[in-house]
Ligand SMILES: Cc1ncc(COP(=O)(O)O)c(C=O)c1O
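Below you'll find only one chain, the form predicted alone, shown as structure tokens.
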Amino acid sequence: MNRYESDLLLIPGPTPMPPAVMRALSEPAHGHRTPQFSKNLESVTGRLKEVFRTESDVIVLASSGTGGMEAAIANAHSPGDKILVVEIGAFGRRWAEIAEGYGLEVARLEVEWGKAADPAAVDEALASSGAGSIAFTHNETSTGVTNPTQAILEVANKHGALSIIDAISGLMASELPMDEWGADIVVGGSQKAFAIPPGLAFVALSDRAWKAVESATSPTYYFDLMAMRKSLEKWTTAYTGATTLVRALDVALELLLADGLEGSIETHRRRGEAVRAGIDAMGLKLFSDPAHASDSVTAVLPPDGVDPDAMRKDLAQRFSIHMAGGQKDLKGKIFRIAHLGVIEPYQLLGGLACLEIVLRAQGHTAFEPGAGVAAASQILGG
């Protein structure tokens, strides 16, 4: 039984929600064809353009982030089109699975999990595959790695390839100025740094991407971005909009952008640095390449003799603190600590303190009690 007011989610989505967002979610619902919804939709569209750093409108879909990924593939391609998928983890692999489902010819650039893609390898793969588009992950939560997105985009644009980016866990947590870097399609999701529940996906398209949509022949209905774009002209949605979530997003973005987007990115950078310092002080090792370690989530190798899933279960039962396990090929091999959204320093420090207790109880005693918390607090309090 949970003895605490609420669980602490140190997982890469859903993330903790601020009280103002929870109040917005508890208000009575309103219709999706009302002036109030149009007002909220117009407001969030403007703020999302700031987040994506684009002059293009951002389409809001009532779906998970994966729905946004599917919309990106379906709307911009025709069966038989060639696409290069850069796979550095489970969500890079998802791009390939979606593309194959729509009958695309998929070339895969498979990168050792835990490492980022090498732009030179991307260059070679685009040249050899003849792909007209490229899909990759900006921030891969399954491995705790952030790709060199700007460099990959430079390569994609050199080849004239349409670039499609899963930025679901990277937006507001790390740099991705869409227009400046020349990205074509960028996908986001509500349950990550946006600090609202799952249920909304965001898709932004460049002018070149919209031209690709106009000529694409893959079948779409619910995920028809042209229909969504037309509806947006009247500040409404093609189908029933997620009115309560859009209202909550409006509140969340007002809070999160109070110090500007750069403030949000810097906050995430400090959190990531603090958690990595704490992990090191506990005698643990990162799974990911430190040069490309994510500021959204930290992937950690368990110490010898400690089962990461048993450790996480113990942490949840004792303290109602939840950390994530490994996915797909990494199941049972790593654990992950997320620091996305509105997690406060005291929550991170508390999570690290409880992690220390559980690790020591399970036999990992190669560190002084409090070492991880002390190392993290030096950064968070600096």
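Each residue number is its position in the shown sequence, starting from 1. Keep in mind that what you see is a predicted model, and the values were worked out from it rather than measured.
Another form exists, predicted together with this ligand; not displayed. Remarks below refer to it.
**Q** Only one of 192, 276, 77, 247 comes within 4.5 Å of this ligand in the predicted bound form by heavy atoms, so just point that one out.
**A** Contact check passes for 192.
**Q** So which of 94, 312, 268, 292 reaches within 4.5 angstroms of this ligand in the predicted bound form, heavy atom to heavy atom?
**A** Among 94, 312, 268, 292, a heavy atom within 4.5 Å of this ligand in the predicted bound form occurs only for 94.
**Q** Would you mind picking out the stretch of 31-39, 45-53, 341-349, 61-69 that comes within 4.5 angstroms of this ligand in the predicted bound form, counting non-hydrogen atoms?
**A** Contact-bearing stretch, as computed: 61-69.
**Q** Is residue 141 close enough to touch this ligand in the predicted bound form, meaning at least one heavy atom pair within 4.5 Å?
**A** Because a heavy atom of residue 141 falls inside 4.5 Å of this ligand in the predicted bound form, the answer is yes.
**Q** At 4.5 Å between heavy atoms, is residue 184 in contact with this ligand in the predicted bound form?
**A** Residue 184 lies outside the contact set for this ligand.
**Q** Looking at the partner-bound form in the predicted bound form, is residue 135 within 4.5 Å of this ligand by any heavy atom?
**A** Contact with this ligand, no.
**Q** Which residues within 143-169 place at least one heavy atom within 4.5 Å of this ligand in the predicted bound form?
**A** Those in contact are 166, 168, 169.
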